[in-house]
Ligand code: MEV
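Okay, here we've got a single chain as structure tokens, the form predicted alone, with questions on binding and movement later.
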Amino acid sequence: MKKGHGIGFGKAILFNEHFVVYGIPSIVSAIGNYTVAKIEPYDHTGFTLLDKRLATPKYKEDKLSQQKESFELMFKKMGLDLSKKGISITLEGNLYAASGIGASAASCVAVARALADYFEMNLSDDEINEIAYEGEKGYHGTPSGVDNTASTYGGLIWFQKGEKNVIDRMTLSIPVEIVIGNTGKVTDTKIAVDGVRQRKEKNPKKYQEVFDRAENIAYLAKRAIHDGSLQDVGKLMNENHKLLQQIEVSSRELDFLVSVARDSGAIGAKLTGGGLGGNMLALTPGKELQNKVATAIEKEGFQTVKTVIGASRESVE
């Protein structure tokens, strides 16, 4: 039986979620966890979905209408007509479906690759990335493009949104362990992004100062990563979290998990993704520190993912 198969990485934004929407550089990394999509023939028209991903309670239910819209946008972009022969889509893999770790982008990339495989379209990574970006519109309205880019290419990426997006690959000399802590709160990125826009319009002077500092942090972090100075990367992550608090996209739960991570030895910790809930990220080089920080977060009753930043397709396929 004919089948299509594809994978898409989860992601962790190391620097400048939200700021990236306004053309400020962001640093994002694929993580070692990914979504797998499989496509098979379906006896009816249209499509049917079997979502076997482990998920935050209510995440899949809350996102279902956005997910369907996302698929329709990708079918349209790829010129697919399912009115005569339908397809069955199965989602699985080891990426937990939660807010803030690029779950929607990972599924878009995985499905785009699986569709291309199933329909023998022989698409490049660049074309897959464009299709996944179209799919992300179903979830985020006007996505920055950073999530699907990390999910498509893997590795570590310098991303700057513009007339033509700047996408520069960055390298870590060795993979670095991180802990992702899940608040358990499903969030709506559209609401978070709109909130920042409204507050920025009301208080342009205050926001411009914060945005300028965020831009400065991105360049300092780029240098620190290039130099392999993880201590400096951690300090800059802490500062980036402060700026995200100032634009009001953090939450009580996120701030709590960030402080638990730092208190247990993480060299840097911040929210990651849309904020208002979702996930936070702790930089924990070495398995021992990673385990210590993850245990501290779990003791408080929260779920963690222990993974690495800088994952590549070669490492999982």
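Sequential numbering from 1, following the sequence displayed. Please read all numbers here as calculations on a predicted model, not as lab measurements.
Although not depicted, the form predicted in complex with this ligand is the subject of the following passage.
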**Fill in**
this ligand in the predicted complex has a heavy atom of only one listed residue within 4.5 Å, and of 146, 178, 111, 225 that residue is 146
**Request:** Please pick, from 193, 214, 186, 91, the one residue with any non-hydrogen atom lying within 4.5 angstroms of this ligand in the predicted complex.
**Result:** 193
**Asked** Want to guess which of 33 to 41, 267 to 275, 252 to 260, 285 to 293 is within 4.5 Å of this ligand in the predicted complex, heavy atoms only?
**Response** 267 to 275
**Asked** residue 20 near this ligand in the predicted complex, any heavy atom under 4.5 Å?
**Response** yes
**Asked** So in the predicted complex, does residue 241 come within 4.5 Å of this ligand, heavy atom to heavy atom?
**Response** no
**Prompt:** Just to confirm, residue 14 within 4.5 Å of this ligand in the predicted complex by heavy atoms?
**Reply:** no
